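Heads up, the chain below is alone and in the form predicted on its own; it's given as structure tokens.
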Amino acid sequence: MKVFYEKAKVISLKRIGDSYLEIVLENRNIARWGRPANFVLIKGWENYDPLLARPFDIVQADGETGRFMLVIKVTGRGTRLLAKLEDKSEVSVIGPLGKAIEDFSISRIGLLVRGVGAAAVVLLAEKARERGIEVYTFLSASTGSRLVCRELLEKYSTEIEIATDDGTIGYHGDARERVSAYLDEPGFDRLYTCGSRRFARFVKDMDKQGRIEGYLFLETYMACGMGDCHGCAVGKATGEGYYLVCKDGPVFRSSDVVID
């Protein structure tokens, strides 16, 4: 797939709770070619502080309007600068990056996500439902105000269960407990997870037991986003070398990679 090095216009910015930001951008090439699991590198400042652009999952992409959406967790200097952007301003964008999910030869998938990790699977849920695939989503956060992409995932899910650590919304407890109740009935052809190492280890263990076919959206620091710097390496389960999350992923079969 072609990678574009272009500008994108800020259409809107919306605060979500106290930690997250929803940004809608306009760039026809990104919107047209963005697929599930693709991400972009964004830089919204003119100087070299910070030096590197920041990677974000493509949450939605509409080729007709030329617009695409990102959801950002505001934590460091780069994301704080992005949060100060104004409508109609421009950012530098590189993408779409990563290996897209292209295989939809399934009938039912599960999505186990936590925090901003939910942003990674929205486009997957949307494209799966367009193909008549059942989508069972398990959305998790520490508290209700930190649930991310809830409305979109409710829209694209056949069923959705919400779990919060403090019980403010939905199930009071660990979302893994709710997934376990579904593994045998109705079960999933595939189970994808993002946003939690605990969830990744759980999916990997269920895959090892033969209970599901597990896939991990891996999150890591990235510099180039295209496999040149090797800063996003993850160990192969065989012990023979590494994968690069930006180039070989960001989605991996859980049995293929090492999870700490």
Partner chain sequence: MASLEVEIAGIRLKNPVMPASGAYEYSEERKSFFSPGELGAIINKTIFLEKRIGNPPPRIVETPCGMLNAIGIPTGGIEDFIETQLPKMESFGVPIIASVAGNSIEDFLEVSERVAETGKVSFIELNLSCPNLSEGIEWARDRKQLFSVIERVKASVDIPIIAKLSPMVSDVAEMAAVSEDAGADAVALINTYKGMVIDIEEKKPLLGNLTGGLSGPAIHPLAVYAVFSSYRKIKIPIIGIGGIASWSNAVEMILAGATAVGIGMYNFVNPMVMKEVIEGISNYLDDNGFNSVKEIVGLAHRLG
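None of these values were measured; they are calculated from a predicted model. Positions refer to the first chain, counted from 1.
Just so it is clear, the following notes concern the form predicted in complex with its partner chain, a form of the same protein that is not shown.
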My question is simply whether His230 lines the interface with its partner chain in the model of the complex - judged by any non-hydrogen atom within 4.5 Å. yes
Can Ile259 be called a contact residue for its partner chain in the model of the complex at 4.5 Å between heavy atoms? no
Taking heavy atoms only, is Lys247 within 4.5 angstroms of its partner chain in the model of the complex? yes
According to a 4.5 angstroms non-hydrogen atom cut-off, is Gly66 in contact with its partner chain in the model of the complex? no
May I ask you to choose, among Leu70, Met222, Leu218, Ala61, the residue with a heavy atom within 4.5 Å of its partner chain in the model of the complex? Met222
Among 24 to 32, 187 to 195, 52 to 60, 205 to 213, the stretch whose residues bring a heavy atom within 4.5 Å of its partner chain in the model of the complex is 52 to 60
